[in-house]
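Heads up, the chain below is alone and in the form predicted on its own; it's given as structure tokens.
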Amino acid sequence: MRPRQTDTGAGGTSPGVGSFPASTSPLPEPSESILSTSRFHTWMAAHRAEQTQDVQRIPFSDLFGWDFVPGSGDLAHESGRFFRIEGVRVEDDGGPVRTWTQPIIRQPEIGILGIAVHEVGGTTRCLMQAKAEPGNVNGVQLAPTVQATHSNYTRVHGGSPVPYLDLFQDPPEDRVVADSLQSEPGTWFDRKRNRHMIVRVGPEVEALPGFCWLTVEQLQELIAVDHLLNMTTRTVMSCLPHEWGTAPPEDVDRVHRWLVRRRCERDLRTRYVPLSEMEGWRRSADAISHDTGAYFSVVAVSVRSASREVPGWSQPLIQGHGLGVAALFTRRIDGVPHALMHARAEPGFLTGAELGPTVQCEPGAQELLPPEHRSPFLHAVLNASSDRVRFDTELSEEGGRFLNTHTRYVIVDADGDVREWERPGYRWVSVREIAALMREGFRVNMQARTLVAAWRGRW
């Protein structure tokens, strides 16, 4: 495999970026310049030094404002807002494990993830922010213009307002480049979704302290740097326009019908169970963990921050065990880029299975499964020759809910005949079809959207 990128120099243009649809009310020239890539790294280093955080693991008894609910044992905030850690029982007639219980994050509110953009002279610049999150492996990562849950932007925490929120709450129709509801990772979130938006703005929008302008090409270069672009940046990036045009409606319908069939064939049934009654999980003073030591744990942290809406707080976080792998096998079919997608069922999905990557697993947990039920393509990822690897980077899960939890994202050129890759539940899907399905929402999962964002700069 190729070495992962930890630094970048100034980059040129990247193929695969389509032009943004023209507004019916053209915007004036921007008043601020775009950071060069080398200046950006200096800027980010300065913000990591400035936005200091002190994050400490604590016992559950030291949580402030959070407690286990009498009777159910669910972990909830005293306000009834933010999120809640509950238990679910999952039944899966078609999977290797027919039934299990697990903790899951319940946060039914819809957040806003948005990037403000301005196109001038054929170059699109994006307004990004350096954002500290308690679970980030390096403290500060690059976030969208707005990344806010409903509880955040209604200021349940009593903190400061969310900058630029007004740009996304009621934008003029001709300024909206993308607007869709998308799922969160269904392994950890119960029916959670966020509104993904890309909105055109004018020169009156200036970069506040902690924000900067970068081009789309720079973002596609920077996604290859370990733990730099956060999860919300990557998923909104996947909604950017591309140059491959529109898929024929009949092709999109064909893929959608296949996905519907897979949803019917692999329908996970979930029901709530008290967190205190989950089988196979144990609660200690400072963690809720599986008896095998695999999968993930629920932990508690205290946070002191110099840059967030409130200066200090405590909260639960999910801590993954082991480095996950999410991989996409790609190839051109009749000259058009295709990816081998997996119709993947996860317990927290709102509408059933979504298109996931070719591989999405934690290799250590795979060892707990019978060989015939392990990911059929994991070995091919881990042993791919370096000349076929287009992308290989470790990226973090969302630092507001996950503690030092990260995944190795890989894109590999598939070799051999396309038919050799065919398996039940897997299908070659063109980039055009993927883009059309993403516009509908709840069709392409979070991990696949990260890989689509990385792939578009490398096809």
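A residue's number is simply how far along the shown sequence it sits, counting from 1. Quick caveat, the model's predicted, so the values are computed rather than measured.
We do not show the form predicted together with a further copy of the same chain, though everything after this point is about it.
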Interface segment, criterion being heavy atoms within 4.5 Å of a further copy of the same chain in the predicted complex, picked from 372-380, 335-343, 286-294, 269-277:
269-277
Just to be sure I understand the contacts: of D387, D170, E367, E204, which is the one whose heavy atoms reach within 4.5 angstroms of a further copy of the same chain in the predicted complex?
D170
Among H321, R331, H227, R193, just one has a heavy atom within 4.5 Å of a further copy of the same chain in the predicted complex, namely R193
Looking at the partner-bound form in the predicted complex, is S160 within 4.5 Å of a further copy of the same chain by any heavy atom?
no
Answer with yes or no whether G71 is in contact with a further copy of the same chain in the predicted complex, where contact means some heavy atom within 4.5 Å.
no
Does P209 reach a further copy of the same chain in the predicted complex if we count a contact as any heavy atom within 4.5 Å?
no
With a cut-off of 4.5 Å between heavy atoms, is R304 one of the residues that contacts a further copy of the same chain in the predicted complex?
no
Would a further copy of the same chain in the predicted complex be within 4.5 angstroms of a non-hydrogen atom of every residue among G114, R234 and Q447?
no
Within 4.5 Å of a further copy of the same chain in the predicted complex, which residues of 336-358 have a heavy atom? Give them in sequence order, or say none.
L350, T351, G352
